[in-house]
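There is one chain below, alone, in structure tokens, taken in the form predicted on its own.
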């Protein structure tokens, strides 16, 4: 009986190898040969699933985004919009080894997107989703009387997102500790929300 091949698992294996290289050495170190070696597979297998480096990069980024999205979804049982929003923001910040790695990868992709239109398009598509998600939590909190009704949820969401993104670099280089980062997020949420729950 022929062996059943899980093609999606192989693509994920290759993408995970690419992400490890990107985190450790940056996107310039990513090549079909390096990814094959990191994944422990042949170059032929990598080329079977990805004809170009750019195809690999795009697939790996969607895998990374899905992994982060699953962690955020895992916080959905938070007791309030504020708690859910806090958990979602903290998932995007370099507070432990896994999220530091993801932040390094994210910065590498961001730098490449300046000269790679297809990658820039993918990153642009993700931002409205994040902003919309934050705005939805703020709207829910307004309905519960936990955020001032006269605040614009979308503008507050943009402020939250940009504030959080501004913490990434200082945290990655050790200027801010994970405790500093979490305290800064809490400080801003305390200013936005009328209740701390």
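Positions refer to the first chain, counted from 1. These figures come from a predicted structure and were not determined experimentally.
Not on display, but discussed next: the form predicted together with another copy of the chain.
- In the predicted complex, every residue of the candidate spot (115, 128 and 158) has a heavy atom lying within 4.5 Å of another copy of the chain.
- Note on contacts: among 55, 63, 31, 165, the single residue with a heavy atom within 4.5 Å of another copy of the chain in the predicted complex is 165.
- The closest heavy atom approach of residue 173 to another copy of the chain in the predicted complex falls within 4.5 Å.
- The closest heavy atom approach of residue 75 to another copy of the chain in the predicted complex falls outside 4.5 Å.
- In the predicted complex, another copy of the chain lies within 4.5 Å of some heavy atom of residue 188.
- Residue contact with another copy of the chain in the predicted complex: residue 69 places no heavy atom within 4.5 Å of it.
- Residues from 10-36 that approach another copy of the chain in the predicted complex with a non-hydrogen atom closer than or equal to 4.5 Å are 24, 25, 26, 28, in the order they occur in the chain.
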